[in-house]
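Take a look at this single chain, the form predicted alone, given in C-alpha cells.
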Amino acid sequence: MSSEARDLIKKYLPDSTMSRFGKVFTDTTQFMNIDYSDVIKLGNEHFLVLKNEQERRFGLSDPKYWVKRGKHLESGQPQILKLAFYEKFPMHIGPFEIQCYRSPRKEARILELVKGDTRFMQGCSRDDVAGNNVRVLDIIRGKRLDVVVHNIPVDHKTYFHEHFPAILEKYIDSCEAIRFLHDHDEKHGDIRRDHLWVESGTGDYRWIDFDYAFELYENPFGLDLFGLGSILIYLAGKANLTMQTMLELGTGSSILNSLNGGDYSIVIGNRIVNVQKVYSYIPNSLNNVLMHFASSTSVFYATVDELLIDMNKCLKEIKGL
C-alpha cells in the first residue's frame, strides 16, 4: 500500500469509498504494472487509474493495457490516458504493402492542431519523468456511428430514403475534417467505423484515436482514403454486406448469383462494395463512388478533395430523389 497514493485520494476525493490504494507512478514505461487505484503523476497533476480500456471488435473485447480510464484528481474530471506504446506491422491492400506503426508524438501533434475543433476528440499531452509521451483525453459521451446506424429500426429502403441523406451530409463534414488534417500534412492513420463517434446531445460526429501512422509512397494519404471509403460503404448498406449477412437478410438467389469477385472490397475481401446490385434504388452517382474501393477498380481516389466532389454530387442527387 502506498501512503502517498492514499493521501492524494483522500485529499482530492474525500468521499471516496476505495478500500485499496496503489502506487504513484511518475514513469509510465512499464504500463502493464499500472492498474486500478494507482496514481499517475505528470508534472504537478495527478490521475487516479480506474481501469484499462477495452478494444471491442468482431464481438470480442481485449484489454488495452496502455490506455487507462481514470480521474484527474485536481479537477475531479474523468479522463482517458494513452500511455506510450510502440508497434509496427505491414498491411496489404490490393497491390500495395503499407508499413503501419504507432506514434504517440504524432497523436500529440494532432491534438494540438485540432484544439477547439469539435470534429475531433480533444485533449493534450504531457511527458512523464522518463520522457514518455502521455495523451490526456476528454471522454466523448456517445456511441459509435456504425452502432447508431445499425440500431435505426427500419428496413434498408426506408433507411436509405429517410435517414441516409442526413447521415451522408454529416459524414461529408467528417471527411472535410480529414481533409483539414491532410492540408496540414497530417494523417489520421486509423480511419475505421469504431473511430467515428456520434456525441450525445449535440449529434456531432467526432474522430478519435490518431496515434497510428503509415508509409505509403504511392499516395501519402492513401490509407486514410481507403478508410473513408470503407465507412461510406457501411453507411450506404446499413451493414457490412457479406455473403453471410445477405443470406441472413433473405436476399434472393438472383442477386446472390449476380455477384462476382469484382464486386467485393479491395480492403476487406469478403465485403460487398457494389451495393447497387443488392439494393437497386442506390443511385449511380453513389455506387460509382463505392466502386472506387472495389477489387475491380483501376482508378483510386488520390485526395480527399476528389472524394468530396463526388460525394457532394451524390448528396445533391439523393436529396432530389
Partner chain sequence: MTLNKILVAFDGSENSFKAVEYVGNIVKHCPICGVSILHVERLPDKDLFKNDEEWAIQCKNNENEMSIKMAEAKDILVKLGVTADVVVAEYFASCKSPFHDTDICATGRSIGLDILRIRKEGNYDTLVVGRRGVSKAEEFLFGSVSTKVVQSAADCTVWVVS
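Here the rigid core means the biggest group of C-alpha atoms that line up within 1.5 Å when the two forms are laid on top of each other. Being a predicted model, the structure only gives us computed values, none of them experimental. Numbering follows the first chain given and starts at 1.
One more form of this protein should be noted, the form predicted in complex with its partner chain, which is absent from this view; the next part is about it.
Between 217-225, 153-161, 191-199, 242-250, the stretch whose residues reach within 4.5 angstroms of its partner chain in the predicted bound form through a non-hydrogen atom is 217-225. Taken together, the three residues Arg109, Phe293 and Phe300 all come within 4.5 Å of its partner chain in the predicted bound form, as judged by their closest heavy atom. Of the heavy atoms in Ser103, some are within 4.5 Å of its partner chain in the predicted bound form. Contact annotation: Tyr86 falls within 4.5 Å of its partner chain in the predicted bound form, judged by heavy atom distances. In the predicted bound form, Ala213 approaches its partner chain with a heavy atom inside 4.5 Å.
The shortest heavy atom separation between Ile93 and its partner chain in the predicted bound form is within 4.5 Å. A heavy atom within 4.5 Å of its partner chain in the predicted bound form is found for exactly one of Val267, Leu42, Val289, Val49: Val267. Interface residue among Arg144, His72, Lys187, Arg126 relative to its partner chain in the predicted bound form, by the heavy atom within 4.5 Å criterion: Lys187. Taking 2 Å as the criterion, Lys88 counts as shifted between the shown form and the other one: its C-alpha moves by at least this amount when the rigid core is aligned.
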